[in-house]
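Only one chain is given next, in structure tokens, and it is the form predicted alone.
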């Protein structure tokens, strides 16, 4: 690590990924499910703490020209790359700040605008107490009354079983005297895989351990380094995080993983009886963490909680299909089994969503004979099937320019591992995509009636070998049939 790193991994950039849960539209769905008053509005100021390489910030700025979107990060390499993308895409409303929150003075914090939204993904459980205190000071001073905060973090007890694995990673990586942090993490991983057969008594066989030692492709070295090699890696109990954020007058709203807000999808008896006997708030959330296999939480808090009618708030949400709706209900895997809808409930809603954006209140009144619970419908659909639709209208020159610049950046950097996203005016955020989808969508002439999938494939993927070409052409042909209507719907391509 470099001399100024203070225990952080700084010699390698983090993965280049878009986080859909950080989009204000998604946060609004969480608030509606909890019956809490909050909706995105024009002219918002949004801050991403620990913005990394800035993809989420830049996507939000491209999709919302009237928002002021700021990214803050400790690593100057991250900030430089994020600024480069913003400048190339001519995003005057995207700003980036290199800062150490442990050292920022109140006067420096007050140079930030008053904030409507703050997002903190993958930061809290990787930083020192001084940085955590700096985050709370920032929230207390700059988050507006009524403002919301999304935070994603490693939680106890779910991630506690991997404490020994993390410590082993650090010890093994320290044996490597040369190489970058990702290279040293990869070397440590090979040793850990060698240990698998001997099953050390206290090296728990957790889902993370299984993922690292299984037959699946190895995790990205940069991810492993940032996840395991920081000196400050410390998962926390929910109630301890909530107590810290209370110093900024933040109150818990709900989980950004929608089904985790529905006890019927989480608990068998007697777990449900114990959960229901506990007070609302931290005790019930602890019961969830005790019973669920979730090492990572994604939570929403608000500074000034106001209750509204939950059903009415859910019914007002407008949803749009982010992929063609399948013939049968999506099957959502939840702790008590599989959550799905019967054909009589699902078919009319799916048909309507395939036609275009729909209010949730309209959707759930389409089935004959029974009106499903809006929270359950949202939970089943929100696992990648739908996104919130906040605006009408097609692509703007701004979003089109950004998406093409992003395509060039992804090509130049070889960013094929993380989740990308195309800026969508309708979603007021990103339409998640793979690098292949981005490459195909940005090809000229794909909306023409006589578009040639073979030619598009070879333009989008110019380095295909002769053996790879047939499979790639089949993939692109299917992609054009399935994704073109979605890209039009979300304003990525002209309708």
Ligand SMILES: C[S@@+](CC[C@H](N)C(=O)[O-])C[C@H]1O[C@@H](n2cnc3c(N)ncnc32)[C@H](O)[C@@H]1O
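Worth saying up front: this structure is predicted, and the values here are computed from it rather than measured. Residue numbers count along the first chain shown, from 1.
Just so it is clear, the following notes concern the form predicted together with this ligand, a form of the same protein that is not shown.
- A heavy atom within 4.5 Å of this ligand in the predicted bound form is found for exactly one of 99, 186, 136, 161: 99.
- 123 is the sole member of 123, 319, 350, 375 with a non-hydrogen atom lying within 4.5 angstroms of this ligand in the predicted bound form.
- Contact annotation for residue 382: none of its heavy atoms lies within 4.5 Å of this ligand in the predicted bound form.
- By the criterion of a heavy atom within 4.5 Å, residue 73 is counted among the residues contacting this ligand in the predicted bound form.
- Among residues of the shown chain, residue 51 is one whose heavy atoms approach this ligand to within 4.5 Å in the predicted bound form.
- Although the partner is absent here, residue 94 sits far enough away that none of its heavy atoms falls within 4.5 Å of this ligand in the predicted bound form.
- You can rule out all but one of 357 to 365, 333 to 341, 99 to 107, 401 to 409: in the predicted bound form, only 99 to 107 has residues with a heavy atom within 4.5 Å of this ligand.
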